[in-house]
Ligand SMILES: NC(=O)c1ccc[n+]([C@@H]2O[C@H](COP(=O)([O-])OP(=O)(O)OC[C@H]3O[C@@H](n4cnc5c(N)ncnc54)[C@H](O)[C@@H]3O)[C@@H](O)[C@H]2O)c1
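One chain follows as structure tokens, the form predicted on its own.
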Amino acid sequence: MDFPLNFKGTKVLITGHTGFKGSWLTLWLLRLGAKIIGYSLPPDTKPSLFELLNLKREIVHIEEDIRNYKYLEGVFQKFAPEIVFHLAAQPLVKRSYLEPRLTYETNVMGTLNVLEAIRKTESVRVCIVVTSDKCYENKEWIYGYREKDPLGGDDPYSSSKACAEILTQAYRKSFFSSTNLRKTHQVVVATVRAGNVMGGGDWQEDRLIPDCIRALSQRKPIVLRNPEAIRPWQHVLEPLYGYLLLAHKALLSENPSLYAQAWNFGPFERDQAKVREVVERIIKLWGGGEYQILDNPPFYEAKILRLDISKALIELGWKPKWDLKITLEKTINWYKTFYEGLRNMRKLTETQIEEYEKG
């Protein structure tokens, strides 16, 4: 069966396209025929997935800060996108403790800048604002959070993502309301909250998978902060498919206001596992290695975080395709191939997208 989504000829603006998730999304949308305008700071890791995929030559590539509103508005006016995926963010919990002002300026004011630019751009039909599963007020309960549960955040990163959700909701009700859709405006604005994503090409600091890969590739022990913490693990392609499906339905639906909401994208409950378990499986797939537990974690992290994905399952027709076993196999295979230097990483990344599409 052919993959059901087609963005041929559609102008898509992606903020944060040089990041890990943004690079996978850019490549996938190129394969689906979209015309991409990317707006982002330069890649901030070495190696960089964006550079490995050699994407710059195939898109309109703009290196600028999301906090520069005047420049951003000019890009919207010049290129007139139809769909906007807003991924640009300061994405790290630890860094948010070290640089809280930067975190709020980027994650909150950056989102404000995107929404304000959309408000002044007639071409935009759909905006997908990417926040985080950490936007919920975490009560350390065993149940998955639903989209209508209270927002919160005990650290600057989580709080900033809750703020971005509240801000987006205010803009949706004030300027992009469902009642006035196709009367005074034509924009569907949705927010998306994904679980802990993994996949080839992530080299950020203070994330479990990149930390594991760095340690294993250097023959050093993996250092764990919170081995018993439970997280909703998923391959990066899972939420990206949710974002694409959501945008596609909102663009083509006779009743697009149905999609102007918040949406969770996470794994099935059986794939929400402890950090220790994930690391032990990574070591086995890598073929060796060890881990050690940090006695005094440097900052607070929630012990349990689960997502309820019932809404996406029922109302979007989206569901996870790869369980934790397959997700880890695909991820570790990507990194092992990279460190062995045996294969073109663009080709391997596209192959994994093809495998997911056929899923």
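The first residue of the sequence shown is number 1, and the count goes up from there. Not measured: the values here are computed from a predicted model.
Another form, the form predicted in complex with the named molecule, is not on view; read the next lines as being about it.
Enquirer: Thr106 versus the named molecule, in the model of the complex: is there a non-hydrogen atom within 4.5 Å?
Expert: Yes, contact at 4.5 Å.
Enquirer: Does any part of Ile309 reach within 4.5 Å of the named molecule in the model of the complex? Heavy atoms only, please.
Expert: Heavy-atom contact with the named molecule at 4.5 Å: absent for Ile309.
Enquirer: With the partner left out of view, is Val84 within 4.5 angstroms of the named molecule in the model of the complex by any non-hydrogen atom?
Expert: No, Val84 sits far enough from the named molecule in the model of the complex that none of its heavy atoms falls within 4.5 Å.
Enquirer: Please determine whether Glu315 contacts the named molecule in the model of the complex, using a 4.5 Å cut-off between heavy atoms.
Expert: Heavy-atom contact with the named molecule at 4.5 Å: absent for Glu315.
Enquirer: Which single stretch, out of 276-284, 220-228, 113-121, 131-139, brings residue heavy atoms within 4.5 Å of the named molecule in the model of the complex?
Expert: Going by heavy atoms within 4.5 Å, the stretch is 131-139.
Enquirer: Since exactly one of Ala89, Ala215, Cys163, Ile209 fits, which has a heavy atom within 4.5 Å of the named molecule in the model of the complex?
Expert: Here the answer is residue option Ala89.
Enquirer: Would you kindly say which of Glu51, Glu64, Asp323, Glu329 lies with a heavy atom within 4.5 Å of the named molecule in the model of the complex?
Expert: Spelling it out, the residue with a heavy atom inside the cut-off is Glu64.
Enquirer: Do any residues of 143-159 have a non-hydrogen atom within 4.5 angstroms of the named molecule in the model of the complex? If so, which ones, in sequence order?
Expert: Contacts from 143-159: just Tyr157.
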